[in-house]
Ligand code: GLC
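Let's start with one chain on its own, the form predicted on its own, as structure tokens.
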Amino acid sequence: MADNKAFDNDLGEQSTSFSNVESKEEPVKDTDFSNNGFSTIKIDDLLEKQEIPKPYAGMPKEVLLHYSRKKHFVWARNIMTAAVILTILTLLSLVIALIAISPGCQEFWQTSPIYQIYPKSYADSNNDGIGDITGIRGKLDYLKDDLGVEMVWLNPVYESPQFDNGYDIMDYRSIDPVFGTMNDMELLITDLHDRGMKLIMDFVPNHTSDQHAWFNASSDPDHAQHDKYKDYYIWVDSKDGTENGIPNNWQSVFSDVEKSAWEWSAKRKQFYYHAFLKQQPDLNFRNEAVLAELDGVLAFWMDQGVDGFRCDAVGFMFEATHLRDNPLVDPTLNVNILYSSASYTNVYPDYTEDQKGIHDVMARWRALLDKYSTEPGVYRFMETEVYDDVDSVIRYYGTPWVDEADFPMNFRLIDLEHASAWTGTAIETTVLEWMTKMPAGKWPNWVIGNHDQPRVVSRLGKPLAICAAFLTMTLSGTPGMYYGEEIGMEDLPITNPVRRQDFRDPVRTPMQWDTTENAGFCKNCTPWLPLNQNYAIGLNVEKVDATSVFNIYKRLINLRSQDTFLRGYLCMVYSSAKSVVYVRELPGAVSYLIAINFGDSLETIDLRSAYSFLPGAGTLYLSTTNQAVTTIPFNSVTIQAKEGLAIQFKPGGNLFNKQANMAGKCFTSKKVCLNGIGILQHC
């Protein structure tokens, strides 16, 4: 050893460690190597006398070092060290390989249905007749544990005069007192996140309330901040200098109550444009200051912990600057200068909707949300609301170079307004149209109702509405749910409203929680809208009925959580005037054949004749009519009228997506499979 430092032996005498330098001390006579006494002597003397003891427990380091240098111990150590290093490298390589071949975790907006809550009508905690944020907090366990949804979309709760139920916003950064306080909102976000749930806020960029501070300053030349805000809205001179000189024939979406999309400002002596109510003036998106303000609104709510946004009415954000009249559908109805006989449905909105510049703004907001999505496990979701043809709506996914929405809301199934439109052929056509036009790698979505459309049970009837839910929950993509759909709530015609009539009120009545007073929505109060008197259809009744709409929804949501539905292929295999049949398959996993009969009589289908590689039969997993049979032969699949079936089967080596005749009928966002050890991987 190079070290020659002294040490004390057990007797307290100083001695030296073994060294290549010979000690000048006299040899110690005591050569006892017991644990009680060991005197160090020259190593050469010990070697000559062969007095080094055999290894034993508690041996001093000098003896240990002596034996550790022997070749067989050195080899043993080297082999063990190499084995440990090799094992670590092997495990590290396996981890790297698994990461490389495994698909990333899906985002929350892919794994859970989106549950839409209309705040005024969901749950009233203070019994003032209006639903509120605290009421919603009290129902989160129901949503997560009973129903199985983890993603909530909240209609506007911002401060508002409520001319359009919150879509006329006075202050984007405060909560309307009717719903609670900012502290209530913070608690809601915390409660959601504690349960692993996500919150999507309604973002209304196209317009504000005419009581917003921006509009107050913009419309009043004497306002102290008029110069700053004068161009925040769309202002146009009168044709004749008076309130009769309407600039053109542009129509409000609410042309049933507004004679024009232009409203005269007596203070400013100009017209302002409003695509909706006159109390909702449109913002000027050609003003960078407006865009910066809205960027700030998004950032504010993301700082509060909001997980994403549903962007309202984005197709209206720009208007043509030339102010030409929109073409009329029927020119004979344009009979006077005030265009009072024109209506929104009688104009082609060539200059007021889907204008150049919209997609630049959407890309800008997507980039902003991405900046707030850099932390591990954090992603900010964005969806857009646009009612238009499929090609125009699909454009909101973005381009291969610039991302926009995670998905634009898909209203194709809502467009099938009546039961007669729900045929197997129509459904297949609708699904194929979206899936074939959607950009590669993007994610679809499906909805059958919302706060602006008649409820699905009222449109289609209860049995067909259940079939519609069966469809949206088993197709590829994210299904949307409007509150109350899960218990079969219906529209309520309102003939004696307690407030200003809105043609959409029948679809917004309070949630029917139970069969007690006011359906459990509130106690000893008058609800803001009357309750449907059929509230024997209440959640408490639905829960205990195994055949109820609620329990079908619950089972469908659970079925959808399987990898086959979340990640697998969708293959459309059959349609007729009555039925549609498709397969959900994931290589390496069990497959499901989904068969839905929208007709009024049963249909029996021989699928084996067209797809001979199918096994002889499958096992019935779920039936909307609770069929008693358990085995379904694929050469004779019988679907009762207005029934949905989910049939589980093992596909063997043959898959639909591998068949040449299925080209253009099988779709997946990412090609993944389940390997032999049960791990998902890219395929």
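When you see a residue number, it is the position in the sequence shown, counting from 1. Since the structure is predicted, the reported quantities are computational estimates derived from the model, not experimental observations.
One more form of this protein, predicted together with alpha-D-glucopyranose (GLC), exists but is not displayed; see below.
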| query | finding |
| --- | --- |
| Partner-proximal stretch of 447-455, 240-248, 350-358, 577-585 relative to alpha-D-glucopyranose (GLC) in the predicted bound form, 4.5 angstroms, heavy atom | 447-455 |
| alpha-D-glucopyranose (GLC): the contacting residue among Lys198, His274, Arg508, His212 in the predicted bound form [heavy atom, 4.5 Å] | Arg508 |
| Position in contact with alpha-D-glucopyranose (GLC) when the complex is considered in the predicted bound form, options Glu385, Glu603, Glu490, Asp514, heavy atoms within 4.5 Å | Glu385 |
| His207 within 4.5 Å of alpha-D-glucopyranose (GLC) in the predicted bound form, heavy atoms | yes |
| Exercise: Trp109 in contact with alpha-D-glucopyranose (GLC) in the predicted bound form, heavy atom 4.5 Å | no |
| alpha-D-glucopyranose (GLC) contact in the predicted bound form: Ser218, any heavy atom under 4.5 Å | no |
| Exercise: Tyr167 in contact with alpha-D-glucopyranose (GLC) in the predicted bound form, heavy atom 4.5 Å | yes |
| Partner contacts for 310-327, taking alpha-D-glucopyranose (GLC) in the predicted bound form and a 4.5 Å heavy atom cut-off | Arg310, Asp312, Ala313 |
